[in-house]
Each structure stands twice: as structure tokens, then as C-alpha cells.
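The form predicted on its own is given below as one chain in C-alpha cells.
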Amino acid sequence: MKLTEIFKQNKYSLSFEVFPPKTDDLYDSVKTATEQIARLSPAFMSVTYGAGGGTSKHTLNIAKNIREEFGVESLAHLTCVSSTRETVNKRIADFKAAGIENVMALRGDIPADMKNADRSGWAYRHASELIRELKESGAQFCIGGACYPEVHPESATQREDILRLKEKVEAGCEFLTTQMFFDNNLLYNFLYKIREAGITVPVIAGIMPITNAKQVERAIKLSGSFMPQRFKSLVDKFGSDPAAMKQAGIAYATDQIIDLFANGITNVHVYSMNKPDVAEKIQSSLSDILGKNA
């Protein structure tokens, strides 16, 4: 099923993100974790794509397993940074052959040793170019893209960022998933601005449960996420106690999701980091809410 059909159902939905193993010897343990999450029967699960496509075969295998063995719709990530058209077209053909219907089209993070490289010869410099390639492939994928409520780190202004986002949608992006955020007002303001700009596709709110203090620094580094004082106080109080921090982080993320549902956001995607217990605790806390129509 294409994810846009799920979004049309106008029900509260919760989905989870998992990632493939970095090495072949870790495949079985990662597969087990993703299967435990799949048994929760989320609305869908997304499977990330390793840097440079090095673990792309695992992305495909896990996405296919989730869909065929557990009946959970999968969203396979595809990145294009520094990739050739030949490589990308091979991945597209593989996805199509495996019956994958939903693809998350991303430029991907630029490797540290390539940040200052001349990009003029790259086949793809922006996600919009990959989206266009997917649309022209004839594979009939449902294509998703990423968006940043707090502005993409490489954009000078939010206005510039929204213009780039509009290019993605015009290229064929059918829904957007946000980068993590920890203050829901940032999302509400962002949605107002993109709707004013004429971007009307569904926007899925991306929530990251911070379950250990080290994740805070990583979250800031990855997306420049604003940390509200309420969240900072939580980390200051419980960060040195792993069990307490985990419980508090799950509670904070759950509270964010409840507020989003209460304010008209019907689809939330949890960056669950291959942690079945985190996914289960969040979902069980929302069980009655998820069982009702929006």
C-alpha cells in the first residue's frame, strides 16, 4: 500500500524508523530488532540507507522482510550524494523488483572528506534531482522527502529552505517527514509558513526519544535542534542516571506526540533507533488514542 493511502484515512498513526547493520555480521541481530518492532503493527516502518549506499542491500532486505513477513508497509530510504546515475538506477530497479512501493528520497549527508569538494560534476546535488529521477523511472513509487522545521543546516534562511522544499514537491514528492524537533511550536510555525508558500502535501512529524544524555549532543550536531529549557532541565536532572534518563526521555517524547495529536497532527514518525522496548513503551502509552479516529 502506498503511504499516501494511509494518510488519507484521517486516523492517528504512529510509525517507526529502523536502520540496517553497518556490517554483515550484525545483520541477524538488527533483523531481530526490526521484527520485534514490526510485531507492534505500526502504520509503517522506514528503513534508512547507509552512508554512501554501503549497506543498501540490507535496507532492501529488511524493508522486504517487514512487508512480506509481518504485513507492515515499509518505506525504503534512498540517498544520492556523490552517487552515479548508474548506481541509483540499479537501486531503483532493485526496489521495484522487490515490490517496494514507498521510497524516501534524500540527498544524504555529505562525507566529511567531501564537504569542500567540487560538486559541479556530481550527478545529484539536491534531493529534488533524485525525486525527479524516481518519477521518471516509471516505477510508480510513492515518494517522500525530508523537511526541517528549524531550517536545513546548509540554508541561509528559512525562506530559502522553503523554496528548496517547494522544488522537491514540484519534482514529485508526495509527503514530507520532518527532522527531529523538541519544541512543538517550531513545527506549528513551520507548517503555517509552508502552507502559505503553497506546499500542501502531508507532513509527518518526526520525533526522537532521547534515552541517554549522549544523544543530546548528537541531535544538536545533526540538525541544530533547539533544546527548550524544559528539556534541558530533564537532561540536567536525569542525565547521569541511565534508567531514569531513558524513562524521562520516553515520557517527554510521548508528551510531544500527545500534544501533536491534540493540535491536529495525525501522523507521527518515531526515530526508534532499533530499540523495540522504546517503540513498545511509546505505543502502549498511546494505545487508546491510536484506537480512535482523528
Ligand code: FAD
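Predicted model, so just to flag it, every value in this text is computed and none were measured. In this text, residue numbers run from 1 along the sequence as written.
This next part talks about the form predicted together with the named molecule, which is not shown.
Residue heavy atoms within 4.5 Å of the named molecule in the predicted complex occur in exactly one stretch of 210-218, 195-203, 93-101, 126-134, and that stretch is 126-134. Only one of 106, 187, 171, 88 comes within 4.5 Å of the named molecule in the predicted complex through a heavy atom, and that residue is 106.
Shown alone here, residue 164 lies within 4.5 Å of the named molecule in the predicted complex, counting heavy atoms only.
By the criterion of a heavy atom within 4.5 Å, residue 83 is excluded from the residues contacting the named molecule in the predicted complex. Although the partner is absent here, residue 146 sits close enough that one of its heavy atoms falls within 4.5 Å of the named molecule in the predicted complex.
A residue is said to contact a partner when one of its heavy atoms sits within 4.5 Å of a partner heavy atom; residue 12 fails this definition for the named molecule in the predicted complex, lying far away. In this stretch, 21-42, not one residue has a heavy atom within 4.5 Å of the named molecule in the predicted complex; the partner itself is omitted from this view.
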